[in-house]
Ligand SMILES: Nc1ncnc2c1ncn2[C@@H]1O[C@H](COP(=O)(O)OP(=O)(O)OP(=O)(O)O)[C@@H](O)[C@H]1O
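Presented as structure tokens, the chain that follows is alone, the form predicted alone.
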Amino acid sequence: MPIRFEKVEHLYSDGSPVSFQALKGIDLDIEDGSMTAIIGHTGSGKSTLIQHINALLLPSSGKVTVQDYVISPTERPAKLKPLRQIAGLVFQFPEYQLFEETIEKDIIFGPMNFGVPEEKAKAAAKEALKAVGLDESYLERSPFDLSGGQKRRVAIAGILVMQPEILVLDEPTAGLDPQGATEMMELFQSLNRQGITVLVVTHDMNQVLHYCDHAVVMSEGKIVKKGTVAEIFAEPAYLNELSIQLPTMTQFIYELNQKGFQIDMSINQLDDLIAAIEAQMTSR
């Protein structure tokens, strides 16, 4: 397992009157090479969880193991710096990752900080920018002159240029139009098929259905369910209790089955759904 949480707890402002426990006894294994969704209502602990993967946050108790790195309450962050080259995190708000005067300088900051020569870093920046759908003309622009969606693409490019083995994404398509969101999810899926482990925090259940293979459900700082995407969406009533909507296609199948159809709830392609409906209509 490349990522393992063992009895992880996290308290914000520990010891103060405003102390808040965001994670409670987390035990979790993320499968190597998987594309895993982290889902749950706002405030359930999703963002806190993923920030432990590259040691932006240290657990208050318990430990996180990422490949050969152990993240515990007593580890020195400087010792864990190389971990951030292996596990790249794209924040929910791209402004948190953009700080240089040009996009090129922003993207090459990471690799140069790890000793990559400037010219090699610049060449890699062009490729990373291209991968997220932006051309070379953006390199000399200020990141602060971009739209929200463009900032998100640049932030993602700044992580991809590091060639991470683990890619952690917090609401990666927020601010993108539907076509842009599809392009980004297809990029992440392509990277996953190349062997990169991908974790996605998202509220978009349609993305979970179409692109992810595993899912983890969080509520009030705890993991309440985990399994394949098909297993997670096979319990509509339970998800409804957690205020998690079903994907559009899964909801439609559920309603058909309530009316007497017997269609596999794990179907995630429109052609397969049409074929299943036609088969049952014919047999009636």
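As the structure is a computational prediction, the values presented were derived from the model and not from experiment. Residue numbers run from 1 along the displayed sequence.
Absent from the display: the form predicted together with the named molecule. The rest refers to it.
For the candidate set H210, K105, K81, H203, a heavy atom within 4.5 Å of the named molecule in the predicted bound form is found for exactly one residue, namely H203.
Taking a 4.5 Å heavy atom cutoff to the named molecule in the predicted bound form, the contact residue among T65, S61, S47, T228 is S47. Although the partner is absent here, S142 sits far enough away that none of its heavy atoms falls within 4.5 Å of the named molecule in the predicted bound form. For the chain shown alone, G43 is a contact residue for the named molecule in the predicted bound form, at least one non-hydrogen atom being within 4.5 angstroms. Although the partner is absent here, F20 sits close enough that one of its heavy atoms falls within 4.5 Å of the named molecule in the predicted bound form.
Although the partner is absent from this view, Y12 contacts the named molecule in the predicted bound form, with a non-hydrogen atom inside 4.5 angstroms. With the partner omitted here, the stretch from 233 to 241, 47 to 55, 29 to 37, 249 to 257 that lies within 4.5 Å of the named molecule by heavy atoms in the predicted bound form is 47 to 55. Of all the residues from 159 to 184, the single one having a non-hydrogen atom no more than 4.5 Å from the named molecule in the predicted bound form is E171.
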